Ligand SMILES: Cc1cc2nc3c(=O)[nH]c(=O)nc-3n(C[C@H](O)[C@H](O)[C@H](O)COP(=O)(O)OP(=O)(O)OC[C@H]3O[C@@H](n4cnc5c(N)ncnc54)[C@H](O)[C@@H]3O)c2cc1C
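Below you will find one chain, with nothing else, as structure tokens; this is the form predicted alone, and questions on how it binds or moves follow later.
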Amino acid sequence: MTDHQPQDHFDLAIVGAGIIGLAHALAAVRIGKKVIVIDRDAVAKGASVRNFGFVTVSGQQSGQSWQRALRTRDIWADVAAEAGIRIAQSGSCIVARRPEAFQLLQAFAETDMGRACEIITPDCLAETMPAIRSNNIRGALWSPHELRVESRDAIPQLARWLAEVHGVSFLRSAEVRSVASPLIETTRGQVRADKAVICCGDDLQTLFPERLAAYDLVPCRLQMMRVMPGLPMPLLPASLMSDLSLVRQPGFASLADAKALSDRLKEEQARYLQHGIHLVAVQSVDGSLVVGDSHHYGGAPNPTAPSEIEGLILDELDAVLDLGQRSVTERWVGTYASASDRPMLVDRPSADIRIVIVTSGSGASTGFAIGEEMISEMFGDQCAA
């Protein structure tokens, strides 16, 4: 990777080498800016690599969030081709186990966001996904919009491509102590840059804590796992979700038809709702599935993964897919900074500094578009040059 030289002066310094930081780096180098990315860790290990790698479009809140997701999906497709990042799956399938869920999917298909989606029957679904328990399914919504990458591979590949092809400098294993453009103090020396973007994820204490405190952000903790099927099965052609996803994702949950499903789930799966569980299952090239997840808000994030929550997630998986004697081969937790009143936060400590935090857990799905917006705002007419 391109190394930082102490005498260098940059147009933009980015604090944080997760997907949001890298998205800002891409947007800046595309308009010819000299960029450095600073990160406290030697390699990515936070929320950007502890996820499904699932770029979600259908299910985003209508309006700006949905448009950002569409734009981000397009950028992911372009970048993947250029950087050699493998697209693991394309599209998504949301199966309906209950008539109320199927009615909601049909209602969504009638909206502008659903116009490219397709309602499919259980028999048709079984032809596409032989492992599906079609006898438990009322129908499904097939969305062509989504794509998925392997996050643990894609984030390092993206950073390497930005360095090798676009000349982005990286200063790793360096904690930023203060940002007062043009001077940035780090544990590995000073960096000089005209402008700075702070993409701090769930770290709300290191930089500008008094400003971030005003937003009432809370940590959200996720529980996920890797599951190896006990039966040989063809790779899933798309990411898979179920009824519980429909009451969590705002693009579905905001529709009038969502109430009937929500009421039924409160009766039948109250414990799942209590733990913020919804099913997402994506498959890796080795046949294993990344499965999750749960959502717990506030307090000190618990680093453990309780077996009760794992069991509930696996029960929902088993209701949708027949995996035989499946086994859990890996478990992990993730955290992100969450806000109930906004999908993202932008704070402006000065004309040349931005703090950008995605507060909805959708960094991979909306980050590239957010990066473009922020770089356009910070550099103004220079973006059109």
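Only a predicted model underlies this, so the values are computations on that prediction, with no experimental measurement involved. Start at 1 and count along the sequence shown; that's the residue number.
Keep in mind the form predicted in complex with the named molecule is missing from the figure; the text below concerns it.
If contact means any heavy atom within 4.5 Å, which of 134-142, 171-179, 102-110, 256-264 contacts the named molecule in the predicted bound form? Looking at the partner contacts, the answer comes out as 171-179.
What is the one choice in 36, 27, 358, 321 with a heavy atom within 4.5 Å of the named molecule in the predicted bound form? Of the candidates 36, 27, 358, 321, 358 is the one lying within 4.5 Å of the named molecule in the predicted bound form.
Classify residue 59 as contacting or not contacting the named molecule in the predicted bound form by the rule of any non-hydrogen atom within 4.5 angstroms, answering yes or no. No, no contact at 4.5 Å.
Quick check on residue 352: any heavy atom within 4.5 Å of the named molecule in the predicted bound form? Answer no; every heavy atom of residue 352 is more than 4.5 Å from the named molecule in the predicted bound form.
Against the named molecule in the predicted bound form, would residue 347 count as a contact residue? Criterion: heavy atoms within 4.5 Å. Looking in the predicted bound form, residue contacts with the named molecule do not include residue 347, since no heavy atom lies within 4.5 Å.
Would you classify residue 222 as touching the named molecule in the predicted bound form, given a 4.5 Å non-hydrogen atom cut-off? Contact with the named molecule, yes.
Contacts with the named molecule in the predicted bound form - residues in 137-165 whose heavy atoms fall within 4.5 Å: Heavy-atom contacts within 4.5 Å come from no residue here.
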